[in-house]
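Alright, here's a single protein chain in two forms, structure 1 and structure 2, each given by itself as structure tokens.
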Structure 1
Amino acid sequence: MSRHTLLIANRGEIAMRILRACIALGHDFACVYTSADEQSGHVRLARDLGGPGRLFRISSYQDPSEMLAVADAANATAVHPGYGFFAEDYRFARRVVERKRPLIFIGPSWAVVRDLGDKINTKRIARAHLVPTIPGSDRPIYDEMEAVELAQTIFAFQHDQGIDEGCVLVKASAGGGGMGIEEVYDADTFRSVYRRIRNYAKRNLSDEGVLIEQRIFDFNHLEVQVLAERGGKNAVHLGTRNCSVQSLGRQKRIEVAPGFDPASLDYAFDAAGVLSAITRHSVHMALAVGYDNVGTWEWIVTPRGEPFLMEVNTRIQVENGVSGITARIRGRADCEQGVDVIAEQIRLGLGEPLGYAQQDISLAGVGIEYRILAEDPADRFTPCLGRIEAFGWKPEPWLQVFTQVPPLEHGQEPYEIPMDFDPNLALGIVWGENLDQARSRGVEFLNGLTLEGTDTRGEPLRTNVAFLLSRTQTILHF
């Protein structure tokens, strides 16, 4: 394999994971940062491991020209977008590969990103390949009258189904990550919500298109981690994840692999059959569309065990590590303790073959990922700005922690949480041989965590650790 230089077009913990994966694979890297991230761990790590000429201060993580100028200055041969920012921007992916000095985009090819980047188009593609999808619109709605009529139809449909309190979801068509979504419980308030989402979409996504569909109650949110090689002829999955523990804003807070645990919990439906169906559908659709890198097929599963495809995320996800920690690849010594999905993504992105088939992959034990944030769960998960003064945990062989907060001991310069981004502080991933052991290790990790700081008003920093603890005992229950 030839040696590449990857521009890491991202920040924080994902930049650190990509950077470490580059080094593990024998590649070089270049990192970027903005003035808000001077203190971030990814800047320190790049400085420590990269030396001069590997770290560049830029004006914005969202300026494509900035990224490509740095890529040239650093003699990069590939760009890794991480998640967020350019990860699902097909125009950026196309620009990366079609410029005069072409680079490799570590992600699916731009046409795939374009086709699956739109929820509604994804729905159409899924329906064409007989993959089940949620009842509702299958094209962006731009007209208010049409939107109102569709919402009324869905309310009436739910009424006919015997649902007393119907609900319609209004989503920005080009949105993602739980942003730009609201629920409407009656036809009278629909119009104002529709306008709000449309304004949000116009301002943030430059596309007023809105998707309207039935809100399915009490669902579980499951995902399938797919890996596919360039050319789209070969794809496998690394099992399922359950991401049902979310904040009020539909932001994931705990992810568990596998998606259900029929070995230790009772379900009112054939949970193993559902997991099998969604992995089968996901890989089938990946092959059908020529998917050619890592990606996530996102599903909702109803209390009756009906799976509906929600969307496809054409990128590495925050929670890739929880799938990695439970997956093993036969014959790969580096995968005995789990699979580094980011390293696999880089390998596949650079054109290497998968090198293994589905039957070579085994899934072992249970993984739980906790997203630790500075936020106040008691106040609608409002982000909490401030400084971290102490942050630490006890290392364990069953624990992985990814964080951009630099190691802090009492008396060291505190870490200021930057305002421009989500208040994510760390990801803690625990592994256990079974659900009970994983849960008890999760509790041990959270209870042993040192996390202290003050908010901008001088009061103790609020975090979601107690919320994560309170939810641990009921994960995977449905």
Structure 2
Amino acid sequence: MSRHTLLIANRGEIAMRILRACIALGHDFACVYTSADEQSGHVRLARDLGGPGRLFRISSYQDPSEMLAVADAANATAVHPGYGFFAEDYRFARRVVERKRPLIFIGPSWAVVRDLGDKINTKRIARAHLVPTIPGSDRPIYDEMEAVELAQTIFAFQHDQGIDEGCVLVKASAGGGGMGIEEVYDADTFRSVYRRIRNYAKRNLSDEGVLIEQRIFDFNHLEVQVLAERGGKNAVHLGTRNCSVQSLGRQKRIEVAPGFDPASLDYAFDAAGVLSAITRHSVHMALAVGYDNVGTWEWIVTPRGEPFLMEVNTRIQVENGVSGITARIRGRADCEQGVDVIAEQIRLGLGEPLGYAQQDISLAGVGIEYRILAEDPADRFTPCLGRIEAFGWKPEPWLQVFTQVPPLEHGQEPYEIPMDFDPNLALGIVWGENLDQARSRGVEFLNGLTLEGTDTRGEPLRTNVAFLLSRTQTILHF
């Protein structure tokens, strides 16, 4: 394969992982940074491994014109968006590949990003291919009688599930956030809520279409990591992961691979069967839509073991590493201890064939990924800004740590947590031969982590490490 130069259109730990993957694959890179990120590890790494000529200062990570101007200045041949920012922006992806000086977009084709980026359209596509989705509408409903009939069907479905107090979500299809969503617990009040949401949508969003869905309670959040080659002809999965430990705002905090562990824990349903079903459905749908890069099929599983596809994320995800650490590819010496999903994404994005089939992939052990943040879980996970004055951990063969925060000892120049972004500090990924060993190693890592600093008021920096410790012993329980 020819040598490429990838513009890394992102920051922090994901930029560092992309940079290292580029070097491992024999490609060049160009990195961007803003004034808020001058201390970031991705800036230091780019300078150390590529020299100052590989670094470009920009005013914003969200200005597409500025980003593409850097691509031209760096003579880049491809753009890797990482996650966030432009990762799921099909307009940016289309602009990258259709400009006068076209580049390769390291991600799915822009039309795939567009089609699966719309949750309503994703549900419609899934149903067309017999993939189970949350009961409810897959298009805006404008007729009140149709809406009432659908609500009655959902209430009946919930009653059959043994749910005493069913709930239906009524949502403005054009958006509107919390103001455009109401929960209905009584079929007799559905009409008035439907009319209220429809009027709200017409008045504020110029579209009175309404979506109606079943409200799922007490579910587990599972994901399937999919890899597919250009052309969408071949696709495989790297197993499942469970992302049910989240903040109050539904932001993931611990991810575990596999998604359930029936060998160690008892479930009230056929957990192995659920894992088999969601991987099968995910790969089937990927092939059906011509998916052509790395992506994640996100599922919710009810307490009765019923899986429903929630959405498809058409990008690399933060938690890709926990899937990679438990996956092996037969015949690949570089994958004997795990798969670098980002390197595979780059390889596939540049047009290389997949080169292996599902039967060549095996899954080994249990992986746990911890997202370490400067936040206060006791105060609704409020972000905590300030500076880090000491940071470090004991290296272990079963541990990977990805962070843009430099190792620090007391007395060295502190690391100022940028106020422009979420206060993500590090990802810690541990591996064990089984769940017990993985949990034990997770506790060992968290207890041995040095993370000290002060907030903007001069008080000790608050982090979520204690929260992560408290949730470790119950991961994968349902």
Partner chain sequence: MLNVKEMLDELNASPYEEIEIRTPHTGVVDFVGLAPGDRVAGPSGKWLERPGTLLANLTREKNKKSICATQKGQVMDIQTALEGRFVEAGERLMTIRHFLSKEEVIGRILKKALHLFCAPERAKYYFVPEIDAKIKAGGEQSVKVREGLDMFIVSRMKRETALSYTGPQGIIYAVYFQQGDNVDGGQPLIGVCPENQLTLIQDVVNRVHGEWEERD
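Predicted, not measured: the structure shown is a model, and the values here were computed from it. C-alpha atoms forming the largest set that superposes within 1.5 Å between two forms make up the rigid core. Counting starts at 1 with the first residue of structure 1 and goes up one by one along its sequence.
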| item | value |
| --- | --- |
| Between structure 1 and structure 2, the form predicted on its own | 2 |
| Core-aligned C-alpha movement of N199 between structures 1 and 2 reaching 2 Å | yes |
| Core-aligned CA displacement of A364 at least 2 Å between structures 1 and 2 | no |
| Turn angle in ° for the smaller rigid piece between structures 1 and 2 | 40 |
| For S137, CA displacement between structures 1 and 2 after the core is overlaid, in Å | 3.7 |
| Between structures 1 and 2, C-alpha offset at Q158 (rigid core aligned, Å) | 5.6 |
| Rigid core superposed, the C-alpha shift at E146 between structures 1 and 2 in Å | 11.3 |
